[in-house]
Ligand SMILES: Cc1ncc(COP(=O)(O)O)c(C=O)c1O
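Given next, in structure tokens, is a single chain: the form predicted alone.
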Amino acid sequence: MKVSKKVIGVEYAIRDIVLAAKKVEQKGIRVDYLNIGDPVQFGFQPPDNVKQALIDAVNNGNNFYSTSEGLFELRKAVARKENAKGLSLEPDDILITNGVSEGLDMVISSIVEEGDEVLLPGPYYPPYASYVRLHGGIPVEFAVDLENSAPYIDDIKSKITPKTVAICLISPNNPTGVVFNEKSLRELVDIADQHDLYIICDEIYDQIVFDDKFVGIGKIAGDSAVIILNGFSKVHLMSGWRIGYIALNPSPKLDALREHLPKLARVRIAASLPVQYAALESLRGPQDYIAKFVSEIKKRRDFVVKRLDEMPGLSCPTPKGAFYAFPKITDNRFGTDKEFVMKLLETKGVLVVHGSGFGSQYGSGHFRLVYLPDLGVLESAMNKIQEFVSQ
């Protein structure tokens, strides 16, 4: 039977590769899963007050449909959070979604038509390209300096065409850990303004930064067509509860989007109401657990980067945020990064993700690993990777 050409272009290497890991496990090999960036799977849990808020919402009967735009009190709290980073939002500028992925799908479907081009930071988080393709668009990668956490501005300018409709940013970045500074963000916003482009900025890791203070795009958004995507899966340790949001800069340039985007929210009914109450508590309640979480992750980052950089045939820039390392394979006897990853899995039982799964132009020749497991697991995995590259 017929399958849509659009869905054939959908890929998600981070989870697709799990199928190969399951086959390896069937052979009796234990697998270290370093592929999915889910802190909750590695022992980090939302605080007790947030868990209790979810339980209380259920027990208090808040099990009905929410308004499609989201719980007003939550939208108000989200606006307050984003305003602290430089914006001037009202609750009506916020739309609550089932995670950032749904928000991305809604935004892309609202602005992309057949043949439109969307600029993505190379390498990029796979759903960005998949949703662009799904809605008839063409993803176009632009180059990023991984060592200095900066976009190559001239490369971006050279890739803008009459069909370009948006520039996507992910800062801190998945898969590289790059965090754009204020100067880079300002340059990108200026380019978008010059060409009447949307800026879609994913800040899901906004509080998971290690070395420099995070600067949100809201600080320099001004009157630009800036759309922010964010959520509660990473910083707030609520990954399985699937809750996120879209924040629209109060700019006249976004008036048409502000009118039509909520239609998609209504079509899909609503986000989970009990989870919205938990998200509200996660913003209102104590925040000290975040600093403890980030401190633990920094120790693991430092350990993993040091080990990887000492290994023959690998070179690993220091990630500035998030919880991913993206080493370059400088000596690959297997030909492609995917072959490297598959051989590592089959011979050593360590599952990482091939860099080309994050964009072939700038991701190829790398692999991504998650440094969320405890130091004992990471040490074992690093020893196995070292054995593998030293053979």
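On a predicted model such as this, the values are computed, not experimentally measured, just so you know. Numbering starts at 1 and follows the sequence shown.
Just so it is clear, the following notes concern the form predicted in complex with the ligand, a form of the same protein that is not shown.
- Of the candidates Tyr205, Phe142, Tyr277, Tyr289, Tyr205 is the one whose heavy atoms come within 4.5 Å of the ligand in the predicted complex; the others do not.
- For the options Ser101, Ser110, Asn83, Asn181, the residue carrying a heavy atom within 4.5 angstroms of the ligand in the predicted complex is Ser101.
- In the predicted complex, the ligand lies farther than 4.5 Å from every heavy atom of Val215.
- For the chain shown alone, Ser282 is not a contact residue for the ligand in the predicted complex, no non-hydrogen atom being within 4.5 angstroms.
- Mapping the unseen interface onto this chain, Tyr125 counts among the residues with a heavy atom inside 4.5 Å of the ligand in the predicted complex.
- Interface residue remark: Ser233 is counted as part of the site for the ligand in the predicted complex, having a heavy atom within 4.5 Å.
- Using a 4.5 angstroms heavy atom cutoff to the ligand in the predicted complex, none of Ser66, Leu71 and Arg258 count as contacting.
- Judged by heavy atoms within 4.5 Å of the ligand in the predicted complex, the contact stretch among the candidates 86-94, 111-119, 169-177, 268-276 is 169-177.
- Residue Tyr324 is the only one in 306-328 with at least one heavy atom within 4.5 Å of the ligand in the predicted complex.
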